[in-house]
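Consider the single chain below, provided in structure tokens and representing the form predicted on its own.
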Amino acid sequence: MSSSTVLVLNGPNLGRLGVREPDIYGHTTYAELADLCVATGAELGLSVEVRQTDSEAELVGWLHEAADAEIPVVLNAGAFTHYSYALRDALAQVRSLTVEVHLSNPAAREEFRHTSVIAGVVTGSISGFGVESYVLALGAIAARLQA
């Protein structure tokens, strides 16, 4: 398979991984997660770029970039998942593969986390497997790109 670019985009508070509620989000740091994504991508023939922001506007801009360049996206939108219609609208413009990921299982948590406003515009969703959710998402993208 030829090398394809994939953006792994992370929303608010994900830069605090390893420190923020490790009983829920694990002990893996954001830097370790980024390294895992890049290494997994390399194994799958993907060129992975990992980004994180606490800014909704910046995340929307990155999705516009992915839409314009037809780049597949793995997205952990964090809290924006539950209420950002701006993010949903930007994500709906991405015609490449899109995978929503979550470290924890939002459906098994507080009620406000049960609704994903972005789920209806992504190719698929993976949650509840910790950092392995990202590995599974990249594997799914690689498999679809090979098909």
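Note that the structure is predicted; figures quoted are calculated from it, not measured. Numbering starts at 1 and runs along the sequence shown.
The next section is about a form of this same protein that is not shown, the form predicted together with a small molecule.
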When the contact criterion is heavy atoms within 4.5 Å, does Gly26 count as touching the small molecule in the predicted complex? no
Does any heavy atom of Leu103 come within 4.5 Å of a heavy atom of the small molecule in the predicted complex? yes
With the partner left out here, check for me: in the predicted complex, does some heavy atom of Ala39 sit within 4.5 Å of the small molecule? no
Does any heavy atom of Gly139 come within 4.5 Å of a heavy atom of the small molecule in the predicted complex? no
Sole residue of Ala119, Ala79, Ala31, Ala92 within 4.5 Å of the small molecule in the predicted complex, by heavy atom: Ala79
